[in-house]
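Single chain ahead, by itself, as structure tokens, in the form predicted alone.
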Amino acid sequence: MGLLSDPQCRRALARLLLRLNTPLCVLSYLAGLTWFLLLPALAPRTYLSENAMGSTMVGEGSDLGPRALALARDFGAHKRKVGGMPVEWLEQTMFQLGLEVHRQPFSRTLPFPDEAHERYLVRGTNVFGVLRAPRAASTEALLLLVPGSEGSKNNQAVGLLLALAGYCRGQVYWAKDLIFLVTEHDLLGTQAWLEAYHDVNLTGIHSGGVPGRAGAIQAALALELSSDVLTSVDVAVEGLNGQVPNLDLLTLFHSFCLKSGLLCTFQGKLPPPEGPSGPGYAQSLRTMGLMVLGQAGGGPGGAHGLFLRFRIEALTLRGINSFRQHKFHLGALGRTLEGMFRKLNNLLERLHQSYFLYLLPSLSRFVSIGSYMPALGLLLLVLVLRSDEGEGDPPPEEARGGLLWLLPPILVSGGAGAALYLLPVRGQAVATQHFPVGEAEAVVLALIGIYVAGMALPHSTHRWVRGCPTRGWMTLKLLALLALALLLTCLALLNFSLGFLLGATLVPPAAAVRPGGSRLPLAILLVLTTPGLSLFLAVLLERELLEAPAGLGEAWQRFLGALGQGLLQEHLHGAHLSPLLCLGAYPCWLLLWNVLFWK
């Protein structure tokens, strides 16, 4: 404290920081990247924190395989007969199993056609049955969900859901209501049911309401299964806007898989061999990288991702039937689901004792928030050090000048971001009238056009106002650094993965940009780290991590699809990626572009 309170020591420290500014920035940036890369090697093992689930395992007595296959065949036959969701058959079957059955119609008009699913005006019906708890009042509930899909997809999942419902009906130890839900149109049906169940309307979907309710939902499992046998079960944890469920729920599922002998994978990857280096470390880093990219995208990794917004811990379980020799029947997965529900039935309160913020290099190891946050902190330190950059005190005439000259570049950058966010969807009708393209193509092309036009705007707007200082670029750069630091700090708390990826790409050009000298290298660096190109590179990186590399043509098509899906998810589910990039990262980047071309 004495060092900081002494004026001479403070001046000496300031001069030292100015003299070593560039080496310290490079060292801090490399330290942040190195810290992140070392996280898989330092990750501890997962463990159960909830006492109600940490005791001896329950005994599973169900054998649901033959019954599930028969119900799946009946469901598929009626599905083909009616050409869609067999609502009447589902209601009749659930009623015969002894459930309290309800249906919920819904409809949603998309902001523009969804070419990935070939839909625009969506109408559907959700069907759910409630098994009332015989040993307690209907104050709490558990949920099993199967997202209905076209064709034969998820037929076996519906059969397993109905078979498990029939088995649970004959048991008397349930202290929580059990909800068995079959939705139509995947995530749209799930969103409609959740909003109606909680009596809210967050996304403008039209719903008929839920005529019957159970207790407050404590946990949910979403099941996706399209084969009579399976070789492994892949678990998805990424929710909307980077949320993840309580770690205890994932650990519980993994423990049941180990008990029953089911092969459990994460991000499609097998459990890596143990060891701090070699193949185990490389596979753990690849798995964690896939999770970071999935979280940064902001979209839900499955139907479970929409439950996390309502403070409901949830997972999506996907049955995989690959070319592996050892296979499992549906009965093994049914016993795992039974065991999980029986364990969750013992909970006296919501899952809260384990982590809600973490990364996973594998299912058996985790990286907590206290371990990964310093990596982003070291990147932010670069912005703090660079904010002290200067070349002595400004001349008196510049010090006395006002800051009115800052308004034009700020307004131009902010206006370009607002146009990028608002115009593509709102102006699709005008675009289709003047150009021979569909509405979905018009939205994506307008997005790219406005983005490129923002880069071509006149970036010497500070000269429109008199009194602009000759070294005013330093003030403008300071403003850009502060805005970027604020954006990354907020993202660190909301979605670490998105904040870290933006920090890793935007911090180097933000620290290096300055007018004068050779501008070409800095211009190339800024273009390569622009948020749009970073998204394209993320698509390429994801394919590499999945060990399915894509060429430039395929990557471009995936990039265009990601742009359209990002806009749709923002309007349909409230994903934050689109507004954060358009209204946050893009204006910050334009301010840095202004600094580079300062005249």
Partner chain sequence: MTQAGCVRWRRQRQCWQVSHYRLFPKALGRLVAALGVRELHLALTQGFWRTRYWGQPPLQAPAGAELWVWFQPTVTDVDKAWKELSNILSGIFCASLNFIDSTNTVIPTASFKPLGLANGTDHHLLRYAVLPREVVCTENLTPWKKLLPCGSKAGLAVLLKAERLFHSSYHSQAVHIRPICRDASCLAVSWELRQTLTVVFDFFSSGQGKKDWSLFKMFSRTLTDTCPLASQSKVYVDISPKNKEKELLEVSPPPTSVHEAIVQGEKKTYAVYDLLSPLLFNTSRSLNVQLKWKRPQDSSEMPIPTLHAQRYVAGYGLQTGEICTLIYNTHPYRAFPVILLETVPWYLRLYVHTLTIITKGKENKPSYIHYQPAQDRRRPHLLEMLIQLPANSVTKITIQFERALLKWTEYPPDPNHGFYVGSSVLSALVPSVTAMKDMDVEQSPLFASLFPSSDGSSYFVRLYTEPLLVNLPTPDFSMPYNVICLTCTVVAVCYGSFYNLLTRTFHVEEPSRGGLAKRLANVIRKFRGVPPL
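Numbering follows the first chain given and starts at 1. None of the values given here were measured: they were computed from a predicted structure.
Only in words, not in the display: the form predicted in complex with the partner chain, which the text now covers.
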item: Any non-hydrogen atom of Glu439 within 4.5 angstroms of the partner chain in the model of the complex; value: no
item: Gly98: touches the partner chain in the model of the complex, heavy atom cutoff 4.5 angstroms; value: yes
item: Exercise: Thr109 in contact with the partner chain in the model of the complex, heavy atom 4.5 Å; value: no
item: Heavy atom of Ser138 within 4.5 Å of the partner chain in the model of the complex; value: yes
item: Contact assignment for the partner chain in the model of the complex, among His102, Lys327, Arg119, His78, heavy atom within 4.5 Å; value: His102
item: Position in contact with the partner chain when the complex is considered in the model of the complex, options Val452, Val82, Val172, Ala282, heavy atoms within 4.5 Å; value: Val172
item: Per-stretch contact check against the partner chain in the model of the complex, the hit in 358-366, 407-415, 162-170, 146-154 (non-hydrogen atom, 4.5 angstroms); value: 162-170
item: Contact set, 306-325 vs the partner chain in the model of the complex - heavy atom within 4.5 angstroms; value: Arg309, Phe310
